[in-house]
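The data below hold one chain only, encoded as structure tokens and taken in the form predicted on its own.
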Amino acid sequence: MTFENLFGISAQVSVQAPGRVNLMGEHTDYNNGLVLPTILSQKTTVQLAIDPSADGEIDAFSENYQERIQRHLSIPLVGHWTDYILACLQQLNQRQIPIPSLKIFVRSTIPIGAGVSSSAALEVAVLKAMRDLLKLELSDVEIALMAQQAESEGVGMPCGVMDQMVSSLGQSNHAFFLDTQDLSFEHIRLPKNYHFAVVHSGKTHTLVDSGYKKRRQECEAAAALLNLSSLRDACLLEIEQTATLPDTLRQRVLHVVSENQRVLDSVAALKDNRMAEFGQLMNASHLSQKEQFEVTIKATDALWQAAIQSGAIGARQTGGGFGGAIVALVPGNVVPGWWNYVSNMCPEARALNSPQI
């Protein structure tokens, strides 16, 4: 199916945005913390054309869902995949940018619910396509911020800005070191003789309906008890000396504080090609997500163990948790045998990002 075959007119613009895997820094972005993601080869493509025959409507088709739907721009969001599109258009509308009626074609190779930012890629692609269509003066950073606001305010998922920033500004074969407090970032080249294998556990997640919101609320409650604007400013001494901090909240803070430090240590290790150390930091991150932040599940824990046992230098759950994927650091020369072992140990798992596996 093509845009022209479906709608009877040609697309005016076509834009792609990539998915991402987070190498280090989980649940730190909405705490104004540090993150280290990288983009994937899988992408979402959005094609657009103005529909002069309609009045305030979008006519959208998803190749993945095999669904075509018409929705008016003024209709509230209803828990549908088109909500992400409408929320982005509403962000433009809030900036006094008139939105024409549109024909929209969406095609994606990013797996949904795998923890690799399919929603952020859709948002970024929609907004970049609208930028091209309407000749808007919007930077890639502004696109990312609008995409994050669309998901948070429009869809109701209180995410941080990491996913949208790396989808909008990330570079192939580079890690994207981002400080979410001031949005400063640095591209760091990934080593050629190692592979970051992304493997889906087979258990999808929907962060809007998972414990993700609760974890964010717990972090905000802990920051308030510590008299901090965010957990970015927390330190271990404060945590130890605050007797009024409930144990559950204390564990959440310990994860965030230690995870921020692991990002800094991972950046240093990556720049110096100390990949064994990077792998150890990945393992520590997974254990912290499991024991202190409590966002892993049996399937991702089993996949993490299988990855390590079969020769990965390190591995960790990636994404918001409660299902989804892990990322494993594997020496290039052992990738084929590594994947054979992992797939035998975890039959529901599927590799997401490498022709070698």
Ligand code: GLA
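Every value quoted in this text rests on a predicted model; they were computed, and no experiment measured them. Don't overthink the numbering: it's just position in the shown sequence, from 1.
Although it is not shown, the form predicted together with this ligand is what the next lines describe.
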Tell me, yes or no, whether Gly160 is in contact with this ligand in the predicted complex, where a contact means a heavy atom of each within 4.5 Å. yes
| query | Looking in the predicted complex, any heavy atom of Phe177 within 4.5 Å of this ligand? | reply | no
* Contact between Phe105 and this ligand in the predicted complex at 4.5 Å, heavy atoms? -> no
*Find out whether any non-hydrogen atom of Gly25 is located within 4.5 angstroms of this ligand in the predicted complex, and reply yes or no.*
yes
Note: exactly one of Gly320, Pro37, Gly314, Gly33 sits with a heavy atom within 4.5 Å of this ligand in the predicted complex, namely Gly320
Which of 152-160, 266-274, 188-196, 135-143 lies within 4.5 Å of this ligand in the predicted complex, heavy atoms considered? The stretch 152-160
Taking this ligand in the predicted complex and a 4.5 Å non-hydrogen atom cutoff, the residues of 273-307 making contact are none
